[in-house]
Structures are given as structure tokens and as C-alpha cells.
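First, one chain by itself in C-alpha cells, the form predicted on its own.
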């Protein structure tokens, strides 16, 4: 029961930046929202792994947390360079 409440609260917190980015047409706001979504998803995976006492799920959460936003930052750099040309 407690895990379900925690997950529902985390899912609602994940939807806030998506709603803000959906209303704005700025590409940087959308990229920020996706980065926030990826971070919150990995934190949610870590919480589930702690509650279930499953360290394999936790390893996946740590990998997503540490490497997940690297592709997004690379994309941001490419878009910035394309706007300069």
C-alpha cells in the first residue's frame, strides 16, 4: 500500500514538467522537461528497488541516472551548433 502511494506521487510529480513543456513551444523547455522526466524515472526505479530489496533493479536505475541524460545533452549541443551556422 505504501509503495503504491509513493509511486502515484512520483508519477504525478513526473507529469508536471511534461505539462509545462506541452504548453510552451520553446525547444529548450521541452528538452529540460525530458531530462527531468528521465531523472525522476530513474529515482522512481531506485525507490522501487529499495522497497523490493532487489539490487539488480537498483543497478539499472543507477545506470539510467548516470548515463541517461548524456544523449540529451549531446542533442542539445548539436542543436545549439546548428543554430549558430
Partner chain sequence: MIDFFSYICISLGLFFWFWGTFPLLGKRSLLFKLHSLSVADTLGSMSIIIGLLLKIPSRWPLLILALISLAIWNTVLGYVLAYCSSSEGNYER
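Note that the coordinates shown come from a computational prediction; the quantities given were computed from them, not determined experimentally. If you superpose the two forms and keep the largest set of C-alpha atoms that fall within 1.5 Å, you have the rigid core. Residue numbers count along the first chain shown, from 1.
Omitted here: the form predicted together with the partner chain. The next part is about that form.
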Checklist line | the partner chain contact in the predicted bound form: residue 82, any heavy atom under 4.5 Å | finding: no
Item checked: Residues within 4.5 Å of the partner chain in the predicted bound form, restricted to 36-64 and counted by heavy atom -> 36, 39, 40, 43, 46, 47, 50, 51, 53, 55, 58, 59, 62
Checklist line | Rigid core fit then residue 21 CA moved by 2 Å or more between this form and the one not shown | finding: yes
